[in-house]
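Given next, in structure tokens, is a single chain: the form predicted alone.
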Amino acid sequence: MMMKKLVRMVLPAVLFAQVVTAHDGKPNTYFNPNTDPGNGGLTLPAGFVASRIAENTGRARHIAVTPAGDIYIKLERLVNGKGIYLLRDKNKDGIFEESQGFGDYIGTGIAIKDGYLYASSNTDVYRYKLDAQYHVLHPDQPEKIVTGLLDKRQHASKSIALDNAGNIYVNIGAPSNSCQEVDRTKGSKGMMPCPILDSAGGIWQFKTDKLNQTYANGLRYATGLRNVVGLDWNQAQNQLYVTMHGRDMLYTLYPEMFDSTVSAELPSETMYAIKQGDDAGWPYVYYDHLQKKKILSPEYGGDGKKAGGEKAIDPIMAFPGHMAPNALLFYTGNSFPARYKNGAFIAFHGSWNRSPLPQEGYYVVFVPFENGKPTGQWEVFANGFAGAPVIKNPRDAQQRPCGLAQGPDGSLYVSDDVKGTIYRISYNGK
């Protein structure tokens, strides 16, 4: 009776389900994160277990977990007029039965640092003072620390990361594919220099404790980055790392240079170690993981083989094209096996334009690291979010990973922005 009562009370306002759908499509009762034999439908390495700890939360983008294990979710669409939800598992039974919504704006970025919750809309960045329990003190009175950022709807999300010196880093994605005079149009030339880079296509640095900062107050920390949805401050290296969405439409715009299969794999999705002043080369060059070099973009005289970008930095890791790396997290916990310590988890949202090949991504990968550099190739860590082994149409994907967070016990949390499912992955191996 208590379970049924809780469902009736919670679902209309909180959008959680205590009865969920299992991987085989049949309903089953809510399960404990450490005992679900189906791992919430995910395939994981030996010794790892997973569970869906919340469902139907909305278009859940990035997430942050407090030291008490509560979860803040940033939503891409408002739910009951709110864009941020705090989820609580009050009795610690693996069921997040309480929530609180606040913030009347959509967005992607959310983070906790030094007693504040930071959250972004597509134009502004806010911060909220937290109490000793890491709950927002004045949810209706945030401080606006950054305002007036570019939003032209394409690549509009503002992901964020914070360092240890009072700075916040904000991605401002380029509202363009490759800085053509007419975007995504066959025969249109690339603009030289690209005027978009004045206000987008890079990472901007602002102060965390100053109000109403604009472009004039910020620093263009790095440029030549088409759209960075995943970024994290590497604590071991005290340095910013990012994952970039590469450009599209090589075959569509330049069929004389690229066939459809090559265009499905290229250009690479890339990961960079970023320092102040770095230029990753967009839109003038892209990275080709098959040739292992930077290639001059066809809009700027390239032919798919000619190298370019001599002054642009190289990625530290490259992935097949169009898979959409939407979150980056360096693992600092101790509950996973030692090889995961300080390594990088990346959530791939999944592709939409890899035809004639099947769509790809829809999983979380792991990149082993040592001394701030990858020590091996990337490997799929958590798969099965999409609900089918082959996805031909991205609309067929049941879930798409978007956000990553580390819990106080070292567990890994993953958000999905299709159905708003939140997964918890932990290690039970011996």
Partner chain sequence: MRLFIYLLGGLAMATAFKPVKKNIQVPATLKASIERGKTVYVQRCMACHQADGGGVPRMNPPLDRATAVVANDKAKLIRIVIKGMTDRVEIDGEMYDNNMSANPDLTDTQIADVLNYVRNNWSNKAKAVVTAAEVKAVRAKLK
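Numbering follows the first chain given and starts at 1. These numbers were taken from a predicted model, which means no experiment stands behind them.
Beyond the structure shown, there is the form predicted together with the partner chain, which is absent from this document and is the topic of what follows.
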Could you spot which one of R77, K144, K129, K293 gets a heavy atom to within 4.5 Å of the partner chain in the model of the complex?
R77
Check each of T261, T252, T123, Q239 and return the one that places a heavy atom within 4.5 angstroms of the partner chain in the model of the complex.
T252
Of 390-398, 47-55, 371-379, 64-72, which is the one stretch near the partner chain in the model of the complex, taking non-hydrogen atoms within 4.5 angstroms as near?
390-398
Can you check whether Q276 is within 4.5 Å of the partner chain in the model of the complex, heavy atom basis?
no
Find out whether any non-hydrogen atom of G190 is located within 4.5 angstroms of the partner chain in the model of the complex, and reply yes or no.
no
Test of understanding: in the model of the complex, would Q359 fall inside 4.5 Å of the partner chain by heavy atoms?
yes
State yes or no: in the model of the complex, is some non-hydrogen atom of D314 no more than 4.5 angstroms from a non-hydrogen atom of the partner chain?
no
Would you give me the residues of 152-188 that have any heavy atom within 4.5 Å of the partner chain in the model of the complex, in order from first to last?
K152, R153, Q154, P175, V182, D183, R184, T185, K186
